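The chain that follows stands alone, in the form predicted on its own, written as structure tokens.
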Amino acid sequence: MKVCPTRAIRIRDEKSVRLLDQCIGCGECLRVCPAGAISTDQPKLEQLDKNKFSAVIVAPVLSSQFPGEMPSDILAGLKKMGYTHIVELSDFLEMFQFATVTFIQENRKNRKAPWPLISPVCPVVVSLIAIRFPGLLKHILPIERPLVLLISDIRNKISRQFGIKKDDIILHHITPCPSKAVLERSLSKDERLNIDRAFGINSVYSALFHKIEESKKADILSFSRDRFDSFTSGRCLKWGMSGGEISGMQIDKSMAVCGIRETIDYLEKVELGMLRNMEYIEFRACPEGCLGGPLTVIDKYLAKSGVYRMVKMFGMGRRLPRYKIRRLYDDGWFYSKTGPDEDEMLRKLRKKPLSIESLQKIDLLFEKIRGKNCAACGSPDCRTFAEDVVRGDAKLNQCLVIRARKAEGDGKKEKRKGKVKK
């Protein structure tokens, strides 16, 4: 309850209750629960419908979860699981980096956006800004993140390429982050990303591991050249670790920050204007970036070592012609259609604003409690409890300090009454 960066967890009647409107899917509660009692709300991996065209979008960090395995073996394992088509993000990551560098170069001249610009890639960070630092929403780079760029027209592309109906396409996503499922739960079907199901890496790991072994045994004497053309970009492989986004961009005044506490600390510095000399900041809510995601399996440092080995093997070369990406950029293809202030998902995360009178009540109540943030009331700290009381989500007598003082006052009254009678 105390580690939640948006104070989204309460304990009422000895049961843990998560306020979904404030949960951003960072997974910090998963990391610290010593009993492992907290789990993510993930769909179960089921047998794929053979009558449907099954496609899966693979996060770059997936390859780091199988140290020593070639990326092509992982893709072959996914095929063995029943997926007809594997969609990987490498080209879209490269396009995003080009669009980001171009936007920053233009902004140096026209100064239309404030410094520093903040990466939009980590959805947890964007949601955190919307809740705790709404004044920094204007700092978020107005370029769509790579996954959104990919899925914007993915069904149409698959339909045209394979000659099948869009309704016959099942689209899955394998991710290290629970934020997608959490943030989209409150949205209508029309407002969601165009993905049928999102699975955590930990939920598919065992099945995929066995399929990789099967694939390696079956294909030990045969090689398919096209299998080795995917995931061969060091840019893509490095993307899952902290600093991987900016390592492929020529931005001198940039920095990478990872971990939810460090992210909050540096967002406070941005808010205070202490980092105006920076042009771009890559924030990742997880330690070591997506390699430390709550839904990963392999130790993040072991995974990081494996990524460095693969990057040495494949290099950091570019795969796409610059002029084609530039044409898309000039056509406005990369730009977000709605700003962070207009994003429906971010709007639903925010609490109802309080009046000045309510804020004054919170201050008075907080002074009255003068507790030590014991959390026995079921709220993470005294100020949050005071806000819960004002909002009507808690009762004042739930505070042990208030109850103890009341009991002490009642005891003194009884003593005075006894003296009067004598």
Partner chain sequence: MAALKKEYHINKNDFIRAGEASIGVKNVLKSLDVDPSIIRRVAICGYEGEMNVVMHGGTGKLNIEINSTNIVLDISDNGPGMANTELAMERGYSTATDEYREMGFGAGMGLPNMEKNSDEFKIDSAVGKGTRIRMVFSLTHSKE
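Basically, rigid core = biggest C-alpha set you can superpose within 1.5 Å across the two forms. In this text the structure is predicted, and so the values were computed from the model without any measurement. Positions refer to the first chain, counted from 1.
The same protein also exists as the form predicted in complex with the partner chain; that form is not shown, yet it is the one meant from here on.
Chemist: Is residue 153 close enough to the partner chain in the predicted complex to count, meaning some heavy atom within 4.5 Å?
Modeler: Result no; residue 153 lies far from the partner chain in the predicted complex.
Chemist: At the 4.5 Å heavy atom threshold, is residue 360 in contact with the partner chain in the predicted complex?
Modeler: Looking in the predicted complex, residue contacts with the partner chain include residue 360, since a heavy atom lies within 4.5 Å.
Chemist: Contact with the partner chain in the predicted complex for residue 205, defined as at least one heavy atom pair within 4.5 Å: yes or no?
Modeler: Answer no; every heavy atom of residue 205 is more than 4.5 Å from the partner chain in the predicted complex.
Chemist: Contact with the partner chain in the predicted complex for residue 354, defined as at least one heavy atom pair within 4.5 Å: yes or no?
Modeler: Output for residue 354 is yes: heavy atoms within 4.5 Å of the partner chain.
Chemist: In the predicted complex, which of the listed residues (83, 199, 133, 98) lies with a heavy atom within 4.5 Å of the partner chain?
Modeler: Of 83, 199, 133, 98, the residue with a heavy atom within 4.5 Å of the partner chain in the predicted complex is 133.
Chemist: Of the options 262, 106, 271, 168, which one has a non-hydrogen atom that comes within 4.5 Å of the partner chain in the predicted complex?
Modeler: Residue within 4.5 Å of the partner: 271.
Chemist: Determine which one of 278 to 286, 262 to 270, 293 to 301, 316 to 324 lies within 4.5 Å of the partner chain in the predicted complex, judging by heavy atom distances; exactly one does.
Modeler: The contacting stretch here is 262 to 270.
Chemist: Rigid core aligned, does the Cα position of residue 366 differ by 2 Å or more between this form and the one not shown?
Modeler: After core superposition, the C-alpha of residue 366 moves 2 Å or more between this form and the one not shown.
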